[in-house]
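One chain comes next, on its own, written out as structure tokens in the form predicted alone.
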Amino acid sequence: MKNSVIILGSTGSIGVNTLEVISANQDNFSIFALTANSSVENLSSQCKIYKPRYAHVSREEDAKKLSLNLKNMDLNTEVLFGRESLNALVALQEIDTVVCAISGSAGLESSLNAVKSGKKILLANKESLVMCGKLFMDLAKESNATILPIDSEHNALHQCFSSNDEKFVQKIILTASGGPFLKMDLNDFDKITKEQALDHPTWNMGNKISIDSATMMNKGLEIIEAMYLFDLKLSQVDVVIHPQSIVHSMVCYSDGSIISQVSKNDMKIPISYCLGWPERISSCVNLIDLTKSQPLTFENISKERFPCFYLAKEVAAIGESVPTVMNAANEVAVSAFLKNSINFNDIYKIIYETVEKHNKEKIISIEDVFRIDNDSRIKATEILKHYINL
């Protein structure tokens, strides 16, 4: 029997790559539902090819457009909209696998509902674990949900752990490309444009994650994600810059061995690993020819160049509500930068000031998470006003 899949965020880069992998393994998978925020035309094209039972968008006006498009294609796909219908959709018994690829905090609620229903979860939304990692993983245990990370670094760790006993782990090493500004003169950072920040040297990603990679906040978020996914202490998580983006992560064992996962920098590889797990399926990506690859280099991370990364490490050490605050402030600041409202260096300043103004509290429920997230966005937006047009 085919594995029934829903893709949350099917028109984004992860969603598109997932569909490519599924297309190459059609005997194993069927598309039960596809969802997007507002990309009606792209979602219509996907529905024409994959003929899902359901398609979902956020707003009613987009649902009407999508319904008309699908009707003109003679498709029987049922169109849904709104958060309540999405939460109900991910919990349907017919679904085996949920691909959580909605970017940012917007993907938290649907991811949680998928976990509650005990599905196999392919998690590309690291913010879910940053905002409420303990709640998320505790819920997964209670509901017997399987959490498999799509993030290339955490997926690499999952592969490295798979044949070894985790109790012998000394530490893990996440790798970072260093982004587009690894060698740029620090005096030029205030002149960085949106276009420069989006021009990642090794990965083709969405706008938000590309900016996070440029500030290296992305790697800070990944530290927190790794701590919850693999039940690690902060002292057991290290990060090095690896500009070639070929070694995706490493696990250091107590006997002095280091196990690494090496592959081309193509998201179809971690996606295929998760879809097929515990078996392996085709990713349609060829092996690396190591004789033709660049020399592999590794270096430490400059605090002066990447202050967001070191702020995230401090936040990871504090824990509780503070990562939720940092994530909210980061999303507000990155959104403002993408609108050309603030300078690149202001992203860090806004996040730092928002975190500094927060009084740490324990997170008991998901309602706490949403409240803290909302309050932090309001604070970050107030702080942001002081940096606009300065």
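The first residue of the sequence shown is number 1, and the count goes up from there. Since this is a predicted model, take the numbers as computed values, not measurements.
If you look for the form predicted together with a small molecule, you will not find it shown, but the lines that follow are about it.
The small molecule in the predicted complex is not approached by residue 376, whose heavy atoms all lie more than 4.5 angstroms from it. At the 4.5 Å threshold, heavy atoms of residue 97 stay clear of the small molecule in the predicted complex, well away from it. Contact annotation for residue 125: at least one heavy atom lies within 4.5 Å of the small molecule in the predicted complex.
Contact check for residue 75: every heavy atom lies farther than 4.5 Å from the small molecule in the predicted complex. Screening 173, 106, 184, 259 for any heavy atom within 4.5 Å of the small molecule in the predicted complex leaves a single hit, 106.
Put simply, of 148, 315, 209, 227 only one has a heavy atom within 4.5 Å of the small molecule in the predicted complex, and it is 209. The stretch among 63-71, 335-343, 361-369, 36-44 whose residues place heavy atoms within 4.5 Å of the small molecule in the predicted complex is 36-44.
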